[in-house]
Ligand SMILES: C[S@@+](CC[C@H](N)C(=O)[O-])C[C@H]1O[C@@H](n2cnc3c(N)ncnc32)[C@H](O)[C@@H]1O
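Just the one chain here, laid out as structure tokens, in the form predicted on its own.
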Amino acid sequence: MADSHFLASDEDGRDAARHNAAAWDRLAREAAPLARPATDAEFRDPLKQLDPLGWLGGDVRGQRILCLAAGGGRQSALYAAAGAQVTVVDVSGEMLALDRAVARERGLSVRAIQASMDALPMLAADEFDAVVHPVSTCYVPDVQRVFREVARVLRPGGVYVSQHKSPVSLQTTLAPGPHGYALVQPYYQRGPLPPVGPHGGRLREPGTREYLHRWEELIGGICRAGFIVEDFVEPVHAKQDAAVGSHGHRGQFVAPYVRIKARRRPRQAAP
């Protein structure tokens, strides 16, 4: 099943959403690394692939899970295979086509909705038990609006697992220079980051429009939206023997991603 509600919260957001929808449509057609469906091996133990730290409690059967900005035929299908009731939202129709195809091939039930992650009026308040949100907040200009929408659609006490590009990583060159990897973008960046060429690698997707969000906006924004942060990790991408300039080599100096576990605060009882 697929619904289309292609909305964003303001003109800047709508422009970014249109641009990134087209970019991810192209990446999906090209079978880019982040637009490849789940493999047979991943389906053997689907929840372990998605939640290695056990933040979702080890069992999602019967839970209502929103896979936010998570098209591509991997997250939605694996959560559905683990027994969850899955809704997947993505700005790209081509990415959602992969979700629908995998669900059809595997006999899974997945609801697919095309929408920008910062405007979800088609979803009801308190609709989900958990929201899982892979790396994608870099594609919206105002991340606080995303967190407010997540808080609205997640039930009190529900878990929000999100991953983000580290702001320091977005400031830093992709390749080393004479003095190593350098900070070249201001921390208080205004507007989108400069685009990368066709070989952005695993850290910057070519053709997309990205925004740097400071720690205050990420951690503080989650808290201000009504969540309690329960855990925070920096997945290790460093490899000691990696070739200079490779993803593993850069990871020795800059952690590219962070993963945050937060829980929506219970509503305060009326006095």
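Just count from 1 along the sequence shown to find any residue number. If you're wondering where the values come from, they're calculated on a predicted model, not measured in any experiment.
Just so it is clear, the following notes concern the form predicted together with the ligand, a form of the same protein that is not shown.
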{"item": "Heavy atom contact within 4.5 Å of the ligand in the predicted complex, the stretch among 176 to 184, 123 to 131, 101 to 109, 88 to 96", "value": "88 to 96"}
{"item": "Exercise: A238 in contact with the ligand in the predicted complex, heavy atom 4.5 Å", "value": "no"}
{"item": "Contact flag, H164 vs the ligand in the predicted complex, heavy atom cut 4.5 Å", "value": "no"}
{"item": "Touches the ligand in the predicted complex: V140 (any heavy atom, 4.5 Å)", "value": "yes"}
{"item": "Non-hydrogen atom contact S169 with the ligand in the predicted complex at 4.5 angstroms", "value": "no"}
{"item": "The ligand: the contacting residue among A69, L56, A225, L212 in the predicted complex [heavy atom, 4.5 Å]", "value": "A69"}
{"item": "Contacts with the ligand in the predicted complex - residues in 44 to 58 whose heavy atoms fall within 4.5 Å", "value": "none"}
